[in-house]
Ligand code: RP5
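Just the one chain here, laid out as C-alpha cells, in the form predicted on its own.
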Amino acid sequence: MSDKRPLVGIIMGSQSDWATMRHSKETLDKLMITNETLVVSAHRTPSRLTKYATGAKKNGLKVIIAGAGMAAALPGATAAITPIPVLGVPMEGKVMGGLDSILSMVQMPAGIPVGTLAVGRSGAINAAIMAASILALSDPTISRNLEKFRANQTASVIETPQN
C-alpha cells in the first residue's frame, strides 16, 4: 500500500480519538484501500486543518473520515473547506455519551453536508465501509474487495447459537 497515494484520509480531533478511529484504518486496510491518518483539531490547529482540507483533492484523496467529540467541529469545518465527501464519526463522550457530538455533526447548515455515522467503534467501521462503497462506484478492484468483505461478514454469522 505504501507505493500508492492514499484515497481516504482519516483525521481526528485529538490523540485520544485514535482508540476509536483506528477501526476505520483497520477496516480500510482489510479492504486494501490506501489511507492516511492525522491528528487535526478544528479549534487547536486550524491552520493544519485548512492546509489539509484545501489540499485533499489535489493530493488524491477521494473521501475524508473525520472523528471528533464534544463540539465535534472537525467534520463540519472540513466539509466547509473541501469539495470531497466527508464522513463524520462522533466520539463517545463522558458528558452525554456522544449525543452532543452526533447532534453537532447532523445539524450542518444546508450546502455543507457531513455524512454522519454512529457513535464510536461502529461508526468508525461503518465510515470505512461507506468510504469503500463510494470508491467502489468507480473502481472495480475496490468493488470486488468490498463484495468479498461483505460476503465474508455474512458467512461468519452462525446459524444456531452455541454453548
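This is a predicted model, so every value here is computed, not measured. The numbering used is simple: start at 1 and walk along the sequence shown.
Absent from the display: the form predicted in complex with ligand RP5. The rest refers to it.
Visitor: Could you confirm whether residue 129 comes within 4.5 Å of ligand RP5 in the predicted complex, counting heavy atoms only?
Guide: No.
Visitor: With the partner left out here, check for me: in the predicted complex, does some heavy atom of residue 145 sit within 4.5 Å of ligand RP5?
Guide: Although ligand RP5 is absent here, residue 145 would stay clear of it in the predicted complex, with no heavy atoms inside 4.5 Å.
Visitor: Residue 16: heavy atom within 4.5 Å of ligand RP5 in the predicted complex?
Guide: Because a heavy atom of residue 16 falls inside 4.5 Å of ligand RP5 in the predicted complex, the answer is yes.
Visitor: Wondering, does residue 70 line up within 4.5 Å of ligand RP5 in the predicted complex on heavy atoms?
Guide: Looking in the predicted complex, residue contacts with ligand RP5 include residue 70, since a heavy atom lies within 4.5 Å.
Visitor: Could you tell me which stretch in 62-70, 134-142, 109-117, 49-57 has residues with non-hydrogen atoms within 4.5 Å of ligand RP5 in the predicted complex?
Guide: That would be 62-70.
Visitor: At 4.5 Å, heavy atom to heavy atom, what parts of 91-122 sit next to ligand RP5 in the predicted complex? List them in sequence order, or say none.
Guide: Only 91 sits within 4.5 Å of the partner.
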